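Consider the single chain below, provided in structure tokens and representing the form predicted alone.
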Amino acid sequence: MARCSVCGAPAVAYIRYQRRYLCREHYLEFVEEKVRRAMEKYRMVGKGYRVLVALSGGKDSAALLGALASLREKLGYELVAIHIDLGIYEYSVRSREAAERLAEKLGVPLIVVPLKEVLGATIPELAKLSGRPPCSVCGMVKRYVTNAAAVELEADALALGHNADDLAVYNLKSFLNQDLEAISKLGPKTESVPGVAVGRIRPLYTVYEKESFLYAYLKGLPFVHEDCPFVENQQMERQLKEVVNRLEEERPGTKVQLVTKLALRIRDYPRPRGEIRRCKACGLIASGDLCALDRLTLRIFGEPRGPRIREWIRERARELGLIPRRAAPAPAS
């Protein structure tokens, strides 16, 4: 049996790009240290920050919340989590249960947003009513709700569970399509736009997908094991993932090198064009008179429902004693 390179205990993992074995204890420390270094290197958080974590119920967001919870006292930030019940049949039932059990286990306040109750329709219903693919509608709704919650909670950062595998594939796909503006959004963090959008951070920036899974499993964190039934199996992304995995197999550490080099050059890529505007209905970030969600709900329901979502989140936050809060610290440069 292989032994831990640190303490000699039975090993549970072999880190090829570091050529060492790790036991359970030192493996958990290894992942948490990667998260800590990324947050400090890229100045994702500061003391006194309120960090809102987008909790899907899957392995990556479970690992994200687990690592952030372990580091919160050391780095001095506050955690709040949000889960969106998308109404996708039994998958959403299990995802919500996992998110609720996880937040309770880690002692993190959780706001659950049931779309059917708050918006008036589930993701499958919105897709049918709009004539758009479910994944397209889902992505737009999740971006809106998480940002709305971050604004209402006066959060200083919105933490997402994107891992190094995700970002390597998104980067290559965007480059091959010459969508350089999309690459500018794939760095460790994005900046806030006061009053309309909260900056996003990716603490799992250098954590591999397999590392994220094993961390959540070894730490005993609840998460759903299956994929969403609507997940789009895009051929290009699948092929690029196979290419990246082959490179990693032949040259251990390729994924980390790819994302860290991207972070160094992220400011060289063009930013999205167009004026940043405030939605006339809900007041959040928009590219026109209305944000994407308010345009969609106006067409479907005859009224923009962004204000309804913001008010619902505000009431839940008050019930949990999360607002009002003290003045937030100045963001890190």
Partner chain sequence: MASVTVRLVPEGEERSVEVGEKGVRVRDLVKMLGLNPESVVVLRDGAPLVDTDIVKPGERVDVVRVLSGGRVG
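As the structure is a prediction and not an experimental result, all values here were calculated from the model. Numbering follows the first chain given and starts at 1.
The same protein has a further form, the form predicted together with its partner chain, not shown here; the description that follows concerns it.
- For the chain shown alone, E237 is a contact residue for its partner chain in the predicted complex, at least one non-hydrogen atom being within 4.5 angstroms.
- A residue is said to contact a partner when one of its heavy atoms sits within 4.5 Å of a partner heavy atom; E209 meets this definition for its partner chain in the predicted complex.
- Proximity of E226 to its partner chain in the predicted complex: non-hydrogen atoms within 4.5 Å are present.
- Its partner chain in the predicted complex is approached by E249, whose closest heavy atom lies within 4.5 angstroms of it.
- Among the residues L214, V80, A121, I88, the one placing a heavy atom within 4.5 Å of its partner chain in the predicted complex is L214.
- Among the residues R94, K219, R143, R72, the one placing a heavy atom within 4.5 Å of its partner chain in the predicted complex is R143.
- Stretch-level contact check against its partner chain in the predicted complex with heavy atoms at 4.5 Å: of 122-130, 237-245, 104-112, 148-156, the positive one is 237-245.
- When contacts are defined as a non-hydrogen atom within 4.5 Å, none of L172, F175 and L180 contacts its partner chain in the predicted complex.
- Within 4.5 angstroms of its partner chain in the predicted complex, the stretch 157-180 places a non-hydrogen atom from each of H162, D166, Y170, taken in sequence order.
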